[in-house]
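Take a look at this single chain, the form predicted alone, given in structure tokens.
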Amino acid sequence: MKKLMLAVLVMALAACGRQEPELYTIRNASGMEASITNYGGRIVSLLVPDRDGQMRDVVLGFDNLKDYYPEHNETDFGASIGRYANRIKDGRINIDGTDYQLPRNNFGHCLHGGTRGWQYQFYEAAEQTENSLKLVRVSPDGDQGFPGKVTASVTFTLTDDNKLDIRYEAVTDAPTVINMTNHSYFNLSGEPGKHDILGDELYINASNFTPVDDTFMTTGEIWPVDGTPMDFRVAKAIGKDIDADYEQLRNGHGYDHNWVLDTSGDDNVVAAALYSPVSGIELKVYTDEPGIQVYAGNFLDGTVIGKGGVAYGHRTAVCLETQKFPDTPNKPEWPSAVLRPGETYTSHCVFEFGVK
């Protein structure tokens, strides 16, 4: 009864516009710690040990939760993105013969769920233990133009071997599309005011990628990475080829592309890995999704002031977004993002931290 009364109170406050961001902290037995806010389902801080056993915060963010509000900073830092991560061409989708127009908030396309995607909306804390947190969002029919009432959840769990396990689920009462991801900006040095990510070593388990035009929209093609700056099958410094004379790097202003993973949906196989020579911290990514978007912070320009008063400069962080391919709703030959009543959408991502 108490839980029911609390839920009713939370809903009433939200309806009155009085919902406030809350911060939840989970820890494992190894001392790793993640702080997460219900506003946008965002990872605010992530403390992991470096090669000397010192804890470093490896994600960008803000000291004040209200700084995540769009009137202060329009960022995706740490967010649980929905309904659809990445871009949808012209903000248009067609499901079962019905057209839907979504916001066109990025070069004429719909990016990360629209102008006010889930990164700018509240989740509710449904369950919390010492090492896990489950957030739930009920997205009404017509939210940012998407059809169907969707109930989605994201569960964060810190395991004792320093893995941040993220599981997404969603159900709908009408056919819709969904593609969730986490949009943390990683700087494994833990010192984004001193170190960018160009010297960090990146590995991507992918023989192909999806090229983009100069509006960052996928063309529908799949190209091999062989012989191009997009080849990370052997780990190399992010900065080694990022400014090479290559059309795809010009179109993306650097790396901002989806790689077609060679993992065949096996979330026990490493999809990507990132290593900081500064801290010795290594991050391995596992997923059951077919793709991963790697964004190297090309649009960070020092105007956003983050934690500790640090100005987040150009290429201060890298995002590793596990996902279905961009614009999948308009490319039926790619793995489908359609969710129908009676089905359950699931997605799994693991960020595993260690040192070497």
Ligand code: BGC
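These numbers come from a predicted model, not from an experiment. Throughout, we count residues from 1 along the sequence that is shown.
The following text describes the form predicted together with the named molecule, which does not appear among the structures shown.
Heavy atoms of no residue among Glu33, Ile166 and Glu352 are located within 4.5 Å of the named molecule in the model of the complex.
Among the residues Val285, Ala152, Leu111, Ala206, the one placing a heavy atom within 4.5 Å of the named molecule in the model of the complex is Leu111. Proximity of Asp200 to the named molecule in the model of the complex falls outside the 4.5 Å heavy atom cutoff. Contact check for Phe299: a non-hydrogen atom falls within 4.5 Å of the named molecule in the model of the complex. A residue is said to contact a partner when one of its heavy atoms sits within 4.5 Å of a partner heavy atom; Ser45 fails this definition for the named molecule in the model of the complex, lying far away. Taking non-hydrogen atoms only, Phe232 never approaches the named molecule to within 4.5 angstroms in the model of the complex. Per the 4.5 Å heavy atom criterion, the named molecule in the model of the complex is contacted by stretch 288 to 296, the sole one of 57 to 65, 288 to 296, 23 to 31, 308 to 316. In the model of the complex, Asp76, Asn86, Arg87 are the residues of 66 to 92 with at least one heavy atom within 4.5 Å of the named molecule, listed from first to last.
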